[in-house]
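Form predicted on its own, single chain, as structure tokens, below.
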Amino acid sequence: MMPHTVLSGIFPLPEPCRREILRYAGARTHAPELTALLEEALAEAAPALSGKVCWQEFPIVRRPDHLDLGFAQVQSASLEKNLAGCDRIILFAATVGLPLDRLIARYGILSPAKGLMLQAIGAERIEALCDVFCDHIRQEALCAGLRTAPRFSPGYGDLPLELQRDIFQSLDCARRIGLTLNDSLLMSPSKSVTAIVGLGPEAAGHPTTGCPSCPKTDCIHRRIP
């Protein structure tokens, strides 16, 4: 892939992880009525989902007081640590589409329990889409003798959420995948993610990520081993 070329594509979503969806919904038990609600919500959500991603490659230039990522200059100790051993990045944006937001809004009025389950489905589906895309990048990197670092999003650690503006401008997200950003830095569709993936011969590889690596042990959505 040539640097500064924005690519986009549709990626197939894997089978939903029902345990993860129930975790996002805050369910601590798998009661029959919850399982029935989950299956009903999944059946209705499936036609509303599509895995759209746009992405772009940039070289990393390390300055004394910041990282020059090609699309923006960033001061972030946590991102710099994540990108140790990397000499380039893949910047990407992913979404599972606006129709799911419409379903969530509809059932937020008609059936709040179903609306909550649809929210949880969206959270699990966008994470699954990001995993699929990062696996795709990882395989391409391996073929080139490179490794990848875990994805890192604005708002993680000390990486400012305001970086979203630069990301949206660089990737032209609205035209590429129908993803927009408002003045409050909220994305629409809501079940969307932007992130940076580092690549390089000395990248850290793919260490433990997600809940086990997060210091917020009191999070209500934390995975139970």
Partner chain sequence: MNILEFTKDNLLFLDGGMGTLLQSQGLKPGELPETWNLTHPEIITRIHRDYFDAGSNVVNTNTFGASCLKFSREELDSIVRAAVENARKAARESTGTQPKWVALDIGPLGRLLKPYGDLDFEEAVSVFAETVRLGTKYGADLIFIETMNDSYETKAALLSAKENSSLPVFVSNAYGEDGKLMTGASPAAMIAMLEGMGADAIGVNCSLGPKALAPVVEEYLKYASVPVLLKPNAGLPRAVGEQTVFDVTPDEFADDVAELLRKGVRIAGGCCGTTPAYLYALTAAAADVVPVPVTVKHFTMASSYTHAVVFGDKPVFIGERINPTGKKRFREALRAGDMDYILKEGIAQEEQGAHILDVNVGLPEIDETTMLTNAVCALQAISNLPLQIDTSDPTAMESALRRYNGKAMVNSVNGKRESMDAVFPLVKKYGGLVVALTLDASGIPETADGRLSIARSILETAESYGISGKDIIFDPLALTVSADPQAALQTLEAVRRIRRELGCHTSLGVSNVSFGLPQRDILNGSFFTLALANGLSAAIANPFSQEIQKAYHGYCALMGLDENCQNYIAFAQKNTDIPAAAAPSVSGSDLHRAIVKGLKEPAAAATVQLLSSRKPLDLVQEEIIPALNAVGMGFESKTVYLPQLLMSAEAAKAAFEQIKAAMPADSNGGKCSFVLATVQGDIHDIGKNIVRLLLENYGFDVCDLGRDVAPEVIVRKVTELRAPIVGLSALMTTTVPAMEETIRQLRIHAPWCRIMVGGAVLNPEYAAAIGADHYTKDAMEAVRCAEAIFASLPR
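These numbers come from a predicted model, not from an experiment. Numbering follows the first chain given and starts at 1.
The form predicted in complex with its partner chain exists for this protein as well; it is not shown, and the discussion that follows is about that form.
> Going by a heavy atom distance of 4.5 Å, is residue 143 a contact of its partner chain in the model of the complex?
Replying inline: No, residue 143 sits far enough from its partner chain in the model of the complex that none of its heavy atoms falls within 4.5 Å.
> For residue 101, is any heavy atom within 4.5 Å of its partner chain in the model of the complex, or not?
Replying inline: Heavy-atom contact with its partner chain at 4.5 Å: present for residue 101.
>> Against its partner chain in the model of the complex, would residue 186 count as a contact residue? Criterion: heavy atoms within 4.5 Å.
In response: Flag for residue 186 set to yes.
> Wondering, does residue 31 line up within 4.5 Å of its partner chain in the model of the complex on heavy atoms?
Replying inline: Output for residue 31 is yes: heavy atoms within 4.5 Å of its partner chain.
> 60-68, 34-42, 196-204, 152-160: which one contacts its partner chain in the model of the complex at 4.5 Å, heavy atom to heavy atom?
Replying inline: Of the options given, it is 34-42.
>> in the model of the complex, does each of 46, 134 and 138 have a heavy atom within 4.5 Å of its partner chain?
In response: No, because 46, 134 and 138 lack any heavy atom that approaches its partner chain to within 4.5 Å in the model of the complex.
>> Going through 102-130, which residues have a heavy atom within 4.5 Å of its partner chain in the model of the complex? Please give them in sequence order.
In response: Stretch hits, in order: 102, 105, 106, 108, 109, 110, 111, 112, 113, 114, 115, 116, 117, 119.
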